[in-house]
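In structure tokens, the next block holds one chain alone, the form predicted on its own.
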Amino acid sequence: MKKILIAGLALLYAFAAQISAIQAAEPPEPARQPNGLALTPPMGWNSWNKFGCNINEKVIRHMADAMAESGMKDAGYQYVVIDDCWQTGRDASGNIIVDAERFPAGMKALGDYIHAKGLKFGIYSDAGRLTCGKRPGGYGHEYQDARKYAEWGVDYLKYDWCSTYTQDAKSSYTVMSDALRATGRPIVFSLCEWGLSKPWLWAANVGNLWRTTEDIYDHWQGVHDYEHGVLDILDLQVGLENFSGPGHWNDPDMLEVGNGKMTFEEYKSHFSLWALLAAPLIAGNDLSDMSAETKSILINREVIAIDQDSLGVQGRRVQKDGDLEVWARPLAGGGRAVILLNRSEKPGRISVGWEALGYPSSLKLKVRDLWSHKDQPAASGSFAADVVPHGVVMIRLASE
């Protein structure tokens, strides 16, 4: 019996060695290639933050009209994205069914309307069996759904992570990524996995952007259930800088600018910080009912230019003194974008030296204030400004 056992073990080891040898001889898996899209952070609008599930064809067309007519399109906003609750089920063949009461003309007609405005069409689904709004998800129907999206003229897919249970995030998102590529249509892929599996480590050539946190809500600071205020999300971006770049962006979630629960200064700070982070700028307000203040923030072209800078380097915190912080990023051509951030409840004076920005201290630089839209006196060695509570001073530095 002992001899039989020894012989069996020897055969098992030999078999394992043979399998290992075969695997070793196999060529390595080819590196996944980028899809060539979103070389600067996507800009657009999404229905969720303002409308939630209360969407329909009329609302989406109205938002497309407003984006085209308000100056947002001219400032660089492109994508009109329908979030959750547009779908009701699947037919006998497994095709996704559009809610006919809310979207009587269908998604192809809606996509055509958006394209006729010179804009791009985005839609939402989920990697699980159900979406977060309990509508049918994409699990098991990835290629079928991707073909349908391409037929409708979809240019952008936001893919959520509800009802995924034991699914592996990388595998699930890679399947949909492959399905989108197989359509032959260029579709920007937004991974909304909330940062649970650290997608910045694996998603660079799977999607074009990936959420780094749970959801944002319209609040300066504080965590409420799974929702995070602006500063809470900002702090979670520290350390992620090296994973972002052209075609693959860290996504700290959509903008809350104009939704009414923060102050003008807080919204300015929110928008400025997202631009410095090279974050996607996806508005979430009612574009047809914007105040002059809201419009002045969302269409600040000088701040947008920082977000869309071709170098594509995400900004980072370079200095912290209690509630007074300095954030900065390098720009194409050798300049710097700098934010002096006052998180506190009282005014504060913030100073930053050139060495913290990677410049020699002797250098004299031009200073442009991106909110006053005025050139400041040239500065040598450092820059300082008084910053209001919850506010920012945002400047662009360049060689004289």
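Start at 1 and count along the sequence shown; that's the residue number. Predicted, not measured: the structure shown is a model, and the values here were computed from it.
The form predicted together with a small molecule exists for this protein as well; it is not shown, and the discussion that follows is about that form.
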query	finding
Options 227 to 235, 167 to 175, 211 to 219, 301 to 309; stretch whose heavy atom lies within 4.5 Å of the small molecule in the model of the complex	211 to 219
Candidate from Val318, Met290, Met72, Cys132 lying within 4.5 Å of the small molecule in the model of the complex - any heavy atom	Cys132
One residue of Val257, Val81, Met254, Ile114 in contact with the small molecule, assessed in the model of the complex (non-hydrogen atom, 4.5 angstroms)	Met254
Any non-hydrogen atom of Trp354 within 4.5 angstroms of the small molecule in the model of the complex	no
4.5 angstroms heavy atom contact with the small molecule in the model of the complex for Leu277	no
The small molecule contact at Cys192 in the model of the complex, heavy atom, 4.5 Å	yes
The small molecule contact at Arg329 in the model of the complex, heavy atom, 4.5 Å	no
